[in-house]
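Take a look at this single chain, the form predicted on its own, given in C-alpha cells.
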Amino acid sequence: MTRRVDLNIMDDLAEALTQIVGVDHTYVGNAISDDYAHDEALTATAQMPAAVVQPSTTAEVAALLRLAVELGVAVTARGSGTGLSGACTPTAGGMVVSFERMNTIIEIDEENHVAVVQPGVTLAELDAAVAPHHLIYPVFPGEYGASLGGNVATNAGGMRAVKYGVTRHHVIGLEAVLASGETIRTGGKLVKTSTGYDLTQLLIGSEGTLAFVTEATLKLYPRADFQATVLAPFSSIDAVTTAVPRVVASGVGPLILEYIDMTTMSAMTSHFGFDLGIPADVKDSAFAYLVVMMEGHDAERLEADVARLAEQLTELGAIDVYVLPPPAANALIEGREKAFWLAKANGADDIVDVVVPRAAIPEFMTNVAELAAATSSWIAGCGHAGDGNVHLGIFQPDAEVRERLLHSLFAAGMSLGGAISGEHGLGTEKQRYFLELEDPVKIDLMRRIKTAFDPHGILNPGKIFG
C-alpha cells in the first residue's frame, strides 16, 4: 500500500530525482505545469503531483521506480496526455514519469516491416519517418499528437480498426521496466510465438498499472497509393447500422466504416466550415450517414470496388450515394477525427465508447434511444460502425442521473456481448461501472496479476480497480 508522503520524504525525493535525471528535468511544487494534472477526460478531477521527471533512458526509468519503491511514492506514466478516461491523472503526493524526452525512432526495418520506437514518439513523427519508405503504421485513434507509449498503455484503436485492428494487433515486442526496477523484453521481430505466457499482450492496455513501457516494436504495412471515400445518407440510424455487416461481408475491405448521426454531421459541417455538396432535400430526409473509405494499390480495381459498393448501398436503402472529391473527403474525415473536441465545445457532459458485436449495433442503438428518453438526456454520436465501437456524447448535467444512465448504457452493451470501452480504457472515470458490472472472478484474477507485477502498489494506483 502506498503511504502518505510527508515533507521529509518529499525533500529526499526531490534531491534523489535530480541525481537520476538532472535538475533541468526535475520539477516540483510550483514549477509543475498544470498540463501534468490531467488528461482529456471530461469528468476527471485534475490532481497536481508532487514531482514530474523526464527520463531519457531505460536505466533512468528503472532507477526512478526503484526509488519510488524505497520511498513508497506512487508513480504515474504519461505520454502526450490525450487519453479520455483519466488514466494518467496523477496521485496526490505522487510522481509523474513523463516520456517526452524518450522520443527516438530507434529503427525502421524495411525487410521485416517493423519499427522500433521509444514511448515518447508520436504517431505524427512515426508516420513522417515511415512514409519515405512507402510504409505505414495503421493505428490512428484520431489524434496524431498521441504518443506510442500512451497508445500501448490504452490499446488505442480508431477508425482504421475495421481493416487493421487495434494497437495490440500491431505491437509484437516490448521493453518494459517493472516496479522493482528490473527490465524485461517481450516478443521481438517475430510474427508468431508459442513460448509461454504472452507478456506483450498482457502489458498492452494495462494503463501503466503493471509496468512502464520504454520501447515498442511495431508492425508496418505497405502504404496504399489510392483512396476513395463514399458517403451514403440513410433515413434512420437503424438502416445505417443494419447495412454495416452487409458491407463488411461483401469483401470490399473498407479502411474506414463510420456512422455519423444527423446532429453530429450538422455540427461538424457548421463548426469546421466544409460543404459536402449534399442537396438540401437529401439533408432534410437523412437521419444518419455511413462513411466508407477504401484504399488500394491499383486505381482501376479501387474504382470497380467503389462502384460495387455504391450499388450495394443503394440496394440497402441509402437515400443516395456520393463519391466525395479528395478535398471534401479529407475535410469529412478530419471533422470526424475531431468529433470529441466538437462534443466538448458544445457542452457534452461525458463521452463514452461502448463496443458491441457489429451485428448488435441496431439493438444497442434502440436501447440508447430508450434510455435517453427515460432520463430526459440528449445523446448524440458517431462511431466505428465497422467494429461495433459506438461513441456517444452524453448531455445530462445532473451527475446522479448521468451516472444511472451510464450504468444502464454499459449494462445494455454488455448484455449484447459487448464491453464498457472499446478503446478509451477505464482509468478513473469508468472503473466504477467495470467493478459493478464485470464478472467478480475475472476482477479478482486481474487484481492478483496486478499484485504479482506491482506488490508495493506504486504503479498508477487508483486506476482500473479504484
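For every residue, the number given is its place in the sequence shown, counted from 1. On a predicted model such as this, the values are computed, not experimentally measured, just so you know.
There is another form of this protein, the form predicted in complex with another copy of the chain, and it is not shown here; the text below is about that form.
By the criterion of a heavy atom within 4.5 Å, residue 347 is excluded from the residues contacting another copy of the chain in the predicted bound form. In the predicted bound form, at least one heavy atom of residue 111 sits within 4.5 Å of a heavy atom of another copy of the chain. For residue 78, no non-hydrogen atom is located within 4.5 Å of another copy of the chain in the predicted bound form, even though that partner is not displayed.
Contact annotation for residue 68: none of its heavy atoms lies within 4.5 Å of another copy of the chain in the predicted bound form.
In the predicted bound form, every residue of the candidate spot (186, 358 and 439) has a heavy atom lying within 4.5 Å of another copy of the chain. Interface residue among 405, 52, 426, 61 relative to another copy of the chain in the predicted bound form, by the heavy atom within 4.5 Å criterion: 426. This chain is drawn without another copy of the chain; in the predicted bound form, the residue among 98, 147, 206, 217 with a heavy atom within 4.5 Å of it is 206. Per the 4.5 Å heavy atom criterion, another copy of the chain in the predicted bound form is contacted by stretch 162-170, the sole one of 315-323, 162-170, 98-106, 281-289. For the stretch 376-392, the set of residues having any non-hydrogen atom within 4.5 angstroms of another copy of the chain in the predicted bound form comprises 384, 387, 389, in sequence order.
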